[in-house]
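The chain that follows stands alone, in the form predicted on its own, written as structure tokens.
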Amino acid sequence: MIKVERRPVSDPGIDENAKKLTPEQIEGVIRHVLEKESAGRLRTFVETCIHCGLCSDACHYYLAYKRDPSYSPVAKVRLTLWDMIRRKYRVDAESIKMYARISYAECNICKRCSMYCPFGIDIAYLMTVVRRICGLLGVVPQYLQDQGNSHMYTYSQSWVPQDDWVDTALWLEDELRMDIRNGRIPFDKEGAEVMYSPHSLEAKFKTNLLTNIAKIMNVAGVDWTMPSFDGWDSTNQAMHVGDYETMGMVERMHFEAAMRLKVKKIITSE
């Protein structure tokens, strides 16, 4: 039995939303995700793993917490997906809180562990399934959920509406011209070679990054543009939440913006 010891952490997105869950709701969501949404590889991975632990040293959480076995990748799967299956989907709200903590705060979905698995088990995929369940139940760290909601309502990660995005870029263009004569941050240039898609923080908190990109583009003589309309943000926090519906909407808008501008390439931020 894996002993799990964690310091208590309060997060309203997890704690308060978990209080609203009913046993029927929890069972229904788990059943839907594991039986309707998940592919055959889920069952293959779950049944193939022999708990060898060779994935452990690939996990930075496991190493950072002095090789605590409960932080190993195989333990994270045992404490989440295997726990749901073993209990036939009938788990309580406290268990959902534990699943959320493990999948959101103790795993980066980096896939390093999968590279060390002798059977090729995609542990990162298994943890995204756990996030999907927690996301549908609304038990998500508040900050991450807020960013997911921002994608849903403003189509950007940082609650930057379309008009603020345009105003910010025009202001940055004025600053750019202090360093580069006739420097441009071109909007909606149809047929440009490159569409640059910034991180939404470049339009809110880290505007210097967008200015630096504009300097590079202008000095290098790149034929580039950015969309003035929705679809400009290259980020997609809904993916990390497990909100695949919003994730799909954001990605479609992103590529539709490129097709609308008839560009040849997309360059994204970090």
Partner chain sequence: MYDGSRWLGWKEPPITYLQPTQFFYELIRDGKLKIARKIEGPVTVQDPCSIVRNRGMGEMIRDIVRATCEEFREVTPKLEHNYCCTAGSGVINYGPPWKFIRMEGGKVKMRQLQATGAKIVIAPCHSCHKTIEELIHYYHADMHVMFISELLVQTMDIPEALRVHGEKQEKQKEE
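Owing to the predicted nature of the structure, the values given are computational and were not obtained by experimental measurement. Numbering follows the first chain given and starts at 1.
This protein has a second form, the form predicted together with the partner chain, left out of what is shown; the following refers to that one.
*residue 218, heavy atom within 4.5 angstroms of the partner chain in the predicted bound form*: Contact with the partner chain, yes.
*Does the partner chain come within 4.5 Å of any heavy atom of residue 18 in the predicted bound form?*
No, residue 18 is distant from the partner.
*asked:* Does any part of residue 87 reach within 4.5 Å of the partner chain in the predicted bound form? Heavy atoms only, please.
replied: Output for residue 87 is no: heavy atoms all beyond 4.5 Å of the partner chain.
_When the contact criterion is heavy atoms within 4.5 Å, does residue 159 count as touching the partner chain in the predicted bound form?_
Residue 159 lies outside the contact set for the partner chain.
*asked:* Do any residues of 142-169 have a non-hydrogen atom within 4.5 angstroms of the partner chain in the predicted bound form? If so, which ones, in sequence order?
replied: The stretch 142-169, when checked against the partner chain in the predicted bound form, contributes 143, 144, 147, 157 at the 4.5 Å heavy-atom cut-off.
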